[in-house]
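Just one chain is shown here, as structure tokens, and it is the form predicted on its own.
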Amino acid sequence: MAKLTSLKAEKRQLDRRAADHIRSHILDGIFPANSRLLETQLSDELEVSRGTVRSALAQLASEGLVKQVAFTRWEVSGSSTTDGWEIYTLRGALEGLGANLAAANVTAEDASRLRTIGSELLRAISERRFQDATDIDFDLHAAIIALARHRRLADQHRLIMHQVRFHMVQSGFLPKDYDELIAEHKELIEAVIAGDAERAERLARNHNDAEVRLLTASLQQGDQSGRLDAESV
């Protein structure tokens, strides 16, 4: 007698699909930082059970995009200067390691693909398609991480890049100098292709230096303001 097909896999897929929909709304800024997420409303809009929504929100919480408050309600995570500093410094560390490892694995086909992505980035910027340029930028770094052949690194990088995009949307961050951005990416691509692991790691780590410096200055200014307020009490 033939057995019925298990629905467990379908249920897990439904959880992931619900998470994908909610995540896209968060990363697009439709659900802003600190906004409340109602299980009932999400359940009605997605036409899935509250249990499925709860599982999806738990997944997004593990990604740092959602938080549960006092075990009673869900909210989109906040976005602060401290959050930004932590995200960008961690991104630099992960991408530095990835570029170092990738430099040992590049084939001629890989080199062609990296250069193609670099050309697409240049074209998007020259045509002032800056949102597309951001997406291509992310694709380039993901491609380099993939060349590291390090599954756990790739998993952690994917999570941090969700948080990077979230911070960019919430803070309105865009690169100030696109010519410099193009030059940085070209150098990184060529260092990886040349197999220069040390230089590739340094370039990847330094890619977010300008943003890290800005966030560090903001943190220091906030600390100083806090001390002055305390002294005036």
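A residue's number is simply how far along the shown sequence it sits, counting from 1. Just so we're clear, the structure is a prediction, and the values are computed from it rather than from any experiment.
The following text describes the form predicted in complex with a further copy of the same chain, which does not appear among the structures shown.
Think of it this way: in the predicted complex, a further copy of the same chain has a heavy atom of just one of 144, 87, 76, 133 within 4.5 Å, and the residue is 87. Note on the partner interface in the predicted complex: the residue among 129, 115, 149, 158 having a heavy atom within 4.5 angstroms of a further copy of the same chain is 149. Proximity of residue 16 to a further copy of the same chain in the predicted complex falls within the 4.5 Å heavy atom cutoff.
In the predicted complex, residue 68 approaches a further copy of the same chain with a heavy atom inside 4.5 Å.
Residue 94 belongs to the set of residues with a heavy atom inside 4.5 Å of a further copy of the same chain in the predicted complex. Mapping the unseen interface onto this chain, residue 62 counts among the residues with a heavy atom inside 4.5 Å of a further copy of the same chain in the predicted complex. Look at 176 to 184, 199 to 207, 24 to 32, 37 to 45: in the predicted complex, residues with non-hydrogen atoms within 4.5 angstroms of a further copy of the same chain sit in 199 to 207.
Candidate site formed by 120, 140 and 170: none of these residues places a non-hydrogen atom within 4.5 angstroms of a further copy of the same chain in the predicted complex.
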